[in-house]
Every structure is written in C-alpha cells, then in structure tokens.
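Starting off, we have a lone chain in the form predicted on its own, written out as structure tokens.
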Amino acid sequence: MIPTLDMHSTLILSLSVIAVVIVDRLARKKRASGGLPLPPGPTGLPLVGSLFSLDKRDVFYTYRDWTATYGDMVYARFLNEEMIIINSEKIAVDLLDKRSNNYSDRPFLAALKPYGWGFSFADVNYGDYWRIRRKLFHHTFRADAVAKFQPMQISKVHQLLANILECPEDYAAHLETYNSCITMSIVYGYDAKPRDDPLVDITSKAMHGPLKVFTPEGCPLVNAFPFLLRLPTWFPGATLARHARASHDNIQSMGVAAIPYMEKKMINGTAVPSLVTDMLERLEEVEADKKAAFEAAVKDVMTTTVAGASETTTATLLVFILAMVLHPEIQQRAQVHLDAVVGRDRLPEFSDRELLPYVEAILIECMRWEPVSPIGRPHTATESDVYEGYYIPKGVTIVANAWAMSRNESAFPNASEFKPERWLDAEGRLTVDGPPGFVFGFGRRVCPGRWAADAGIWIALCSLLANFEFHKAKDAKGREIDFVPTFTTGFVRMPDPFPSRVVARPGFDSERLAQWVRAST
C-alpha cells in the first residue's frame, strides 16, 4: 500500500525539484546500457512513472498481470526508483541464487533509521557489517542447532491449546501470543505469561504499522522525498514524520524492555538457553578491543530476530485455519491420518513428523497457496548485468514476486486451489523435502531463521489439527455463512477476520489436556 499524504504534503511534493533528478538519472542509465534494451515494461507517466498503475492494496497482483504483456521480467519506474520485477522462479534462481555475488545487496531505504529500524541487518547493505551479524545469527539458528528449542516450542503449543480451549473465539490473538512467546523465549530466554504479557504487548505495538513504508511500492515516495521524515511533528503535512517518530519510540521501548529480566536471570544463575546466552558464551572469547563492536552486533541480531518473527508465523497459521474452514474434507483426512499415527491418548511430538506426510503436505501447501511474504525483501544489483539480452542497471531494485511464482500453472496446475496432494506421490509419500524455494527468499539473503520458524509452525499446526475442528460460522438460523477471504496489506500478508467456529474434538477438554501435558513432561 502506497503511503498516503494529506493536502499539505501534496503541496510540498508539487513544489519539489525532484523531477530534474529523475530525468538526469534515467538519462544516465540509458547511456550506460551499451545499446542493450532494458526489460520490457509499462511506459508510465512523466515524473511519477507507473506509480498510479499499481493495485492500491496488493501490488503483486499488478506485477503478475504485467507478465501477460511484458513477460516474466518487467522493468518499471516509480518516481525516481527503477525496479525490475521477477515473476518467474527460474529467473529468480538464475539471478539471485546463481549470481548471488552481484544480487545480495539491498536498495537504499530512507525510512529505515527514522522509523527506528537501523538495527535490522536483514535490510543493510551486503558487506562485512552484514556478514558479522549473519554469522552470529547462524550460530544459534542453523539447521542442526534449532532442535534445542523444541522442548520450549512444545511447552508453548500446550499453552496455545489451553488458551483456545478457554476462549476459542479469540484464536487469532492466541496465535499471535504463541508466536511472540516463542520468539521471546528463543531470543531472551523470557518465559512470557499465557496472556496479556507486558513485554509481548510492547513488542506487538512496536512491530505493527511501520512495515508498510518499507515495501518496494512504498519506498520510492519516501526515498524521493526523505525530508518528509524530518519535518517537525507539529508542521502541517508531517504525517510521515509523526509516524516515524512514534515507530522509533516504540522500537526503543522494545529494545530495552527485556534487559531487567535478562540481568536478573543472569545474576541468579537461572537463565535458560537462548540467543543471549549463546552470545554471552562467545563474548568471553572476543578480544577486549573488539567487545564493544561485538555487543553492538549482538543487540542488532536480537532485535532483528524479534522483528523478523513478529508476524510471519501467525500469518501462516491463520492461512492454515482458513484452508481448513474452506476445505473440511482435507481437514477430516488429516485427522484420520493423525489419529492413526498419534492416537487419541497423547499430544503430537516432533518425533511424529516423519510419519505424517499428509500433514506435512498441508503445511507446504499453506506456504505455497497464500505466501505470507508475497514480494519479500528487495535485492539490488551491485554491478550492471545482462540476462538473456536485457540490460540490468547497477543499483536497480530487484523484486521477486513470490505470489506470482505461487500461481505458476506449469509448476502448480490449478494453482489457486488448495491441494496438499500435489506434494505426494500415488503411495502418499512426500515428493519434496520442504516448501518451494520462493517462500523463504533467494540467494545469500534467504531467511536465516527458516528452520526454527518451520518447527514452530509445524508443531502448532499438527497440535491444532489433532485436537480441534475448524468450521464456517453459522447464522441465527443455523446456516453456514459463506464468505470470500480477504487479506491484510503490507510487508506480511494474512487473512482478515473471517466467520469461523473452533470446536474441541470429542474427548478433548482442559482436564484431558492437563493429563497429557503431565505425561509428556
């Protein structure tokens, strides 16, 4: 969604001389192309380019629609921001994976620091600063290290089941609490309250809102007119500046909220394994003159981890519930499968995962069917390049449209349909070892927390399926309410509230849950 401006801001923009910069930049790019054409794309209007051609809610629809006219690699300009949109997984792999040395950088984001997001190593330029933080993150979240979080994830999913049993109508809020509790525990070793935890509330407040201005369609406006972020908050038209100041303050509050808890746990020796404890162990090995830089990197990694996990797990689980409500036959088949493997006298465990291919196929299909990060974080070209005869300018923003890739009919026949069986062979065995590559991004900037996220989503999805039924809500006359799903906008996309009922499966109640939890500990 493109950030909106009031009348005063529009006046400021109209008086700007940015048009000169735009024309000069475009002229330089074309002169540097050596005669090769840019990828085809919409002509656009003077000054604004194709900004007004975008779907105001979901720009990835527009990007995908352009494929029919211009192909799978499209060039477009939005104000002074040049962009190449990739709607094909093959092209994304060819460029972002196979030529990752040239496509691992990030475009400039004028809003990053004013909004308080200067900590995010996911958005910084490719170089030593990023490598240090990525290495620290990888130490805790690599594939062979995340198993240490499984007991905590099991504990939090039991808490989730209890919350939904007590207040099933608030399942969306319970999913958000589940996600936040896991993140707080992994990062800080913080044991959050089942509900209304103050630190979870602070984190949630900090994460909601600012991401829209970081989307590729939102960035050109702020990048072209960064002074809008520095206006006094009392100044007429300072809407973006006020939003930035509020976001910055919320992020600062989030960054210090857990410090007293962490200090107390470390002093009395009760700290549990977490990213913080991992980093403190490593700090002892760091040379004295490098400790300050190391501590700054650790702080960035901690905050980036909290921010990166803030909504994606919740969004994926809401997509799962939506799919089950719309497809009761799939839900029933999955529950028969679960009952045969897990039974009805215990809760699912991670050791069950390899024995539940149909449940795994549901998870993979959720990620494919409605990707929660439909356009991901943008890349940029470090140097000019050529791909299949088209010129790719240095510094151009590269957007990989995961949503368009998820709708590729050649790869996924009847792509708009939810069909878990597309991931299984005739004997019911999985034909893949994970979700499609576009789900977690590409190249050296692929999501580094994907293994921990995947585990947290799987155990929740499996536990919910085993113990609850998901149905359409009914009206006053007892008739099911039909609906067409709608989705939120922004960097993370999730279903809007939809009419649904969550009902405990026969034999599952709070007493049985408590019994099973005691038996599993």
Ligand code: HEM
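Remember, it's a predicted structure, so these values are computed and weren't measured experimentally. Each residue number is its position in the shown sequence, starting from 1.
Another form, the form predicted in complex with protoporphyrin IX containing FE (HEM), is not on view; read the next lines as being about it.
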Placed ligand check: protoporphyrin IX containing FE (HEM) in the predicted complex, overlay by site C-alphas, backbone/C-beta within 2.4 Å: open
One stretch from 198 to 206, 373 to 381, 166 to 174, 237 to 245 that, in the predicted complex, holds residues within 4.5 Å of protoporphyrin IX containing FE (HEM) by heavy atom: 373 to 381
Of Arg422, Arg407, Arg106, Arg99, the one that lies within 4.5 Å of protoporphyrin IX containing FE (HEM) in the predicted complex (heavy atoms): Arg106
Selected contact from Val446, Ala411, Ala162, Leu355, since only one has a non-hydrogen atom within 4.5 angstroms of protoporphyrin IX containing FE (HEM) in the predicted complex: Val446
Arg134: touches protoporphyrin IX containing FE (HEM) in the predicted complex, heavy atom cutoff 4.5 angstroms: yes
Protoporphyrin IX containing FE (HEM) contact at Val439 in the predicted complex, heavy atom, 4.5 Å: yes
Partner proximity in the predicted complex: Thr316 to protoporphyrin IX containing FE (HEM), non-hydrogen atom cutoff 4.5 Å: yes
4.5 angstroms heavy atom contact with protoporphyrin IX containing FE (HEM) in the predicted complex for Leu322: no
Those residues of 353 to 371 which, in the predicted complex, come within 4.5 Å of protoporphyrin IX containing FE (HEM) by heavy atom: Met367
